[in-house]
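Subsequent text provides C-alpha cells for two forms of one protein chain, presented individually as structure 1 and structure 2.
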Structure 1
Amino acid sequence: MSSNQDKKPTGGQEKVGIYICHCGGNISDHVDVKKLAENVKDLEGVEVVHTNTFMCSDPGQELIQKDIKDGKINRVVVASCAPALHELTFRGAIKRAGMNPYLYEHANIREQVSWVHHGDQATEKATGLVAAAVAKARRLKPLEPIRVEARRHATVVGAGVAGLRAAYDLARRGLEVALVEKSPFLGGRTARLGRLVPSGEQAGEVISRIAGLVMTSDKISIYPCTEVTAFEGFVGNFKLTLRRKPPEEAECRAQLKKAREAGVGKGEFLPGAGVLTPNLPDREEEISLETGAVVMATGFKPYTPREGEYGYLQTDRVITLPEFVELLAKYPDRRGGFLQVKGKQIRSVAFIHCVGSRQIPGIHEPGQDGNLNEYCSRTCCAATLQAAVQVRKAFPRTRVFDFYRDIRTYGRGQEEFYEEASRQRVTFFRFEPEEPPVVQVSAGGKYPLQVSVKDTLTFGEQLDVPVDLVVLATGMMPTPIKEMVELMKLPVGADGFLQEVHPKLRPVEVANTGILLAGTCQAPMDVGEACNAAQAASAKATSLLARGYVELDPFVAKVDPEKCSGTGLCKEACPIEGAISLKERQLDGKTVVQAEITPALCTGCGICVAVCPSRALDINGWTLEQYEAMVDAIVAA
C-alpha cells in the first residue's frame, strides 16, 4: 500500500535499542521472548536487544539508561504491556538518561499478544509489532511537550460531602474555587442521614462543620441552583458556562418552604435537606467561568424499586432504607414503646438487603435502561444494621427481622454493628438470589404484611414472618448526568459510574487530563471513603495546577507551509472549535492563506490529515511516513 519503500530515515544515524519485558510470566508464558529477541535483533537500525523480567523495574530501566549513556542507542523501543500503564515510566527513564523522551516507541505485546494469542502465533505477532515499532522509532523526531499557562482555579461540581471536602482542600492550598451545586442546599445525600455508621457522628453536624468551612473561605464561590451547560478547553484552561436559576423543582420548593417555616436561615442546617446556601438566585442567568481543573462530585441517587418489587408502591408499608433513615433521624433518642411510621404503630419490621444491587443476569429483571446493577452498593449493609440496632434500642418492643445474602460489614467499626444486632436479638434470615423473599399483603391477618423466605440458615426451611413494615435496603446508582457526560466526554463504566483511568495507578483521574473524580459519582462509598477520594482528587488537582503551567503531549497536528494551499477543508473537518484556523501569511512576497494549529486545543485525532488534499498536515509523533513504515514492517515480518 505504500510507495515509499525506498525512503530511508534521515541520515541512517538511528540506533535502536529494543527492550523486551517478560512481565513476570504474563508475556513470557505465551511469547517465546528469547526467540522474539532473536527475530528482531537483525532488523535495520537495531543496535541492542535486551530482555528483563520486569522492564519497568529499576534494574530494567537502568538497562535502557546505560545503553543511552554509553552512546549505544538513540532510539528506544520497549515491548511490554499497554502503553497506558507505563509509557510515562519509560519516557521518564529516557529523559533522566539525557535523551529526548519522545524518541521512544512502545510495542504492546501483552494486551495485544500474550493475553489473546498463544504459542507460535503469539511470538509471530509480537515479532510483527516490535518490527513495526522499530520502523517507526527510526523515523521519530525529538519533540518538546507543549507548555501552557494554567489557571490556579478549580471547579467542583456537586456540593455533597465529597464536593465540599474537595472545595475546602483546594482553597486551603491557595486555589480559587467555584463550587457548583444544582440544589439550593449544601451536603447532598449525607444531609438526609442521621447517626453515621460507624462513628455515630450526627450527619447534620458533620455537614454543618464542612459547609461552614466552605462558606467562610474567601477563596470559594458557591453557585447554588446552578448547572454546567457548556464546556470546552483543556487542562489549565477550561471554559465553563453555568446556568443559574431560581429553584423550580417541587422537592426543592417544598424544602425551601420547610426551611422558612422552621426558621432555618441562610447558612443553617435543615434536617433532610442540608445547609441552606447563602446566595439563592432570584433570576435566571448565565455565567462564564475559566478554570484549570474540574472535580466531578455529582454523587449518587438511591435505587428506586420497580412497582411490585417486594411489594413496593403496592402498599405504603413498604418503604426504602433512605426514607426510613430520614424518618429515624427525626427521633433518634426516643425510647420505649413502638416505633411509629406514617402514624402507624410498628410492632415488627423486616429489612431486605441488596435491593437493586448485586443483580445477576438471568435472575434479576433489568431496569428501564436495560441495565442490571451488578455491583454491591457497599454502604447499605452497615446502614441497615445500624438502623436495625437503633430500632431495637430505641423501641425495645419492636421486633426486627433482617433478610440478607451476605452481611458486608467490612469497614473499621462496622462488624461491631453486626454483633450488636445479634445481641439486640435482630433475627437474621439468609436467602439465595434465585429464591428471594416474597412480600405479600395479608388480608385480615393480625399483621398487614407477610415476608416468606426459604431460609438457608435453617437449612432451607420455608418461613413466613408477619410484619407491619418492610424496609428495602436500596443500593446506589450514579446521579444521572447524561448532559455533562456528553459535554465533557466523560468515560462511564459498565456499571454506569464515572470511570477512572486505572484503579491503582490513576484512581481519581479520568482519561481527559484535568478532570478528576471525587466520591460516589465514581463508585459506592461511605462518607469517610468519599472524603478520602475527594482529598486524593484535590491533591492531584493541586499538583496539576500548582506550578502555574501544565505540559501537554506534543502529539498534535502540524502544517507544512510548503504544501498548504489553504483549502480550509481541515478546518471544516476538525471536531474541535478553534483548533485549526486560517491565517494570512507572507510567502515569497505573496499573501497566502494557510491553516494554523492551536496546539493546546488539538487532540491529535488526525481527521485533518485524512482530508488534506495536498498532504500538508501530519501529526507529530504519528506521521504518515511513520505509519507507512510500520505497515511495511508488519507485512515484511
Structure 2
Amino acid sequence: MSSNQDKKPTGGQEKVGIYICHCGGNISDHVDVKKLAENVKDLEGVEVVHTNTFMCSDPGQELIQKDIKDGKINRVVVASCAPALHELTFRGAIKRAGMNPYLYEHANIREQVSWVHHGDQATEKATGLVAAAVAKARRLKPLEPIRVEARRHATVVGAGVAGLRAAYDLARRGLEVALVEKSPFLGGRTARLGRLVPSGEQAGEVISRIAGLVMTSDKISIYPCTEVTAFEGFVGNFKLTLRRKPPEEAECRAQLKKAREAGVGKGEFLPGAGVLTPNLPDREEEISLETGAVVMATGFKPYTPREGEYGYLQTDRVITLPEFVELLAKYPDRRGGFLQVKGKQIRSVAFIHCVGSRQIPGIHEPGQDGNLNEYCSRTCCAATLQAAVQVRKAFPRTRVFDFYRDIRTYGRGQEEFYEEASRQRVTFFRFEPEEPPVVQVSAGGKYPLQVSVKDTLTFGEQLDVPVDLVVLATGMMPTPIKEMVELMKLPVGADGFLQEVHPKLRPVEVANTGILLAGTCQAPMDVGEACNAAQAASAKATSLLARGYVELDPFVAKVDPEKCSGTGLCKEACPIEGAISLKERQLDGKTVVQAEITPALCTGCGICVAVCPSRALDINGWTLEQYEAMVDAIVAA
C-alpha cells in the first residue's frame, strides 16, 4: 500500500520527506495512518508524504531513494517502529541514494504510540511526534563519521570452546590475537563433558582439535594463568593490563598434579580439565597489551544446589548432572551389568530437571545474592536425556526414571533423544513447580533413597520411586566477573549474563563499541550455539579492524571555543574517563584553559551540555536548538 502527497518545492533549502509505516498493522490498527499523513503534509518544509505497509522493506526504501534522486527532498523523516530496529537500515538506504545519511530523523509511532494508545489519542500523539521530527530534521546539518585508527589485533578473554573458536577464526582472518585464560588449561566447561548432543562426538576430541589449531597458529599468543586487571581506551585503541602468575587455585593445582601422574604433557588433553597449555608462568608479572577489539568469552558456571535441596550434600547419593557426566565419561560404552558410582552398584537412578533454572518468586528460595534464576538454561533437557539413554544402553540392568516439568529439546536433532529415551524404557514423571519431587533417605529399605512425586501424567497420583542415585540437572549461571564488568563498563542483564545491544540486529555487540560477546557469557547455549556466537563475534571484530581504521557515528559533544570559560564542570560530570579533558590554548593572544573532547570516547549522553554555565557545549545531531524546535512543534501540534 502506498499513498503519496506531493507539493511543489518551495525553493527553501530544507525539503523534508515524511515516510509513514503501517508496520503490517502494528501501527495502522491503532493509528489512522491516512489522517496522520493529512495532518503533517502542510508542516513547514514538508515536500513529500508517503505511507507504506512496511517502510523497512525494499519497496519502502526505494520510495525514499527515488525522492532523493529526483531532487524532491534533502531531509528524511521515517515514522515507524523503534529506531533501534531500523535506524541503520534507513541510513544505509539514504547513503546509497547519494545523500548524507545523518540528514535523517526517526519518529517512533509503534512502541511510543500504537502499543500504548488507541483511537483518536493515538493519531494525535503520532501527529505530535512526527511534527517534532520534522522540526528537528529541518535543522539537521550534514555530519561525517568519526574516523579512528585501529590496530589489527584482537584480545579474547576466556579459552573455553567459544574463546578457542573466536581466537582461531580471528587469526584465520589475518588478525593478531591474544588469548587470555585464567587457568592452565584450554577448553573450559566443555572439556568436562562426555559425548556432545546431538552429534555424539567426544568433547575431548573436539577440544583437542580446536586447541591444536590455536596452539600451532603463529598469529595467536596464549596467556594462561592470566587475568585482566586494568582497561582503558576505545575501539581500535584499547589498552589492557594483564597479570600472570603461577597456578594458585586448589582446583588448578590438583589438576596439574593429576596431569603429571597421568603422564599428560603440555599440549595434551587431560579428561575433566582440558588441554594443558605449553607456556605456564613460573613467576608473577604484569603485561601491557594494546589491542583493537575485545571478545568476551568468559563462559558459565553450573548452578550449585543449596544444602538440602533435593537432599544435596545430605547424602553422597545425590549429585549434579555435571558430576554425573564426568563419572559416566570414565566408563567405556558397553552392554550388560549395572552402573557403578563410587564403588556402589546403581540399580536405579532418578534424574530431576530444572534445578536452579526457571525459578519462580514465592516458590523457590533465592540464592545468596538474593536473586532467582527465572530463565531456562536450555541445554539441560537434552543433556539429561542423553545421559539417561547412555546409561540404559551401556548398563541395561540399571533402571532410569526422569522427573521433569517440561521437556525442552529445542535444537535440531535433540528431539530424537527424547524419543530414544522412550524406546530405551526410561520412565517419565511430570511435576508442577508448586509440588516438586521430594527426595528422602529410606530407613532400612532395599533402596537407600525414595523420590516422591505427584505425577500429572497419571492425573495427580502420588508415586514413590525407590532409587540408588539421584542426579540433579543443574542450570547455567554466568561466570562471576564483577571486576571486569566494572573495569570495562559492561552491560549486564537482569539474568546476570552480559547484555547484547539487540538480540537480532546486533546479537554479539555491547553498547561499548569494540567489545563483543561469544558463547555462554551472554546466555545459556549448547556447544554448537556457543561456537556460532564466537564466529559471529570474530566476523564483527574483523569487519571493524580489517581496514586499519574504524568509522564511528558523529553524535558526540562539541565545544564552542568562543563561549568556553574553562570551568571544568563538564569534565567533572562526564561519566566516561578521558572523554573530556582541559587543555591550554591561545585565544586572542591569551593563554586560556578550555574543554577538549576525545570523540572516540564520547557517548553523546549530553550531561556536559546540561552542566555548562555558558552553553559552550552541544551534541552533534542533537543540539539544544533542535530540542527546542521539537518541543515547540509538539506544543503546537
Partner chain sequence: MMKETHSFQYDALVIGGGIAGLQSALDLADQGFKVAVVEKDATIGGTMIRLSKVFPTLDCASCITTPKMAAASHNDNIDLFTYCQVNSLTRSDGTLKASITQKPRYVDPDKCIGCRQCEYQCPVYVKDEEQGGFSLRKAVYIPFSNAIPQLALIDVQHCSLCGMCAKVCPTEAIDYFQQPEQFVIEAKTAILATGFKLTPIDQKKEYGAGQVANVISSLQMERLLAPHGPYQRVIRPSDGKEPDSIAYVQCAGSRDLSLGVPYCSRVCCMYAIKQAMLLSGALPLADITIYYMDIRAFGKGYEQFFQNAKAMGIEFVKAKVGKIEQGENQNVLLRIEEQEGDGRVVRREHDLVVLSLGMVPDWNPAGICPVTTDTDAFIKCVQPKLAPTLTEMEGVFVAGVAAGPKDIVDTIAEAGAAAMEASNYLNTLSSGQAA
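In this text, the rigid core denotes the largest set of C-alpha atoms whose superposition between the two forms falls within 1.5 Å. These figures come from a predicted structure and were not determined experimentally. Residue positions are counted from 1 along structure 1's sequence.
Undergrad: Pick one: is 1 or 2 the form predicted in complex with the partner chain?
TA: Looking at both copies of the chain, structure 1 is the one that matches the description.
Undergrad: Residue 455: CA shift of at least 2 Å between the two structures after core fit?
TA: No, the C-alpha position differs by under 2 Å between the two structures.
Undergrad: Rigid core fitted, then: does residue 108 show a CA shift of 2 angstroms or greater between the two structures?
TA: Yes, because once the rigid core is superposed, the C-alpha of residue 108 moves 2 Å or more between the two structures.
Undergrad: For the rigid-body motion of this chain between the two structures, what is the smaller part's rotation angle in degrees?
TA: In whole degrees, the smaller rigid segment turns 8.
Undergrad: Check the Cα of residue 146 between the two structures on a core superposition and give its shift in Å.
TA: On core superposition, this C-alpha lies 2.6 Å from its counterpart.
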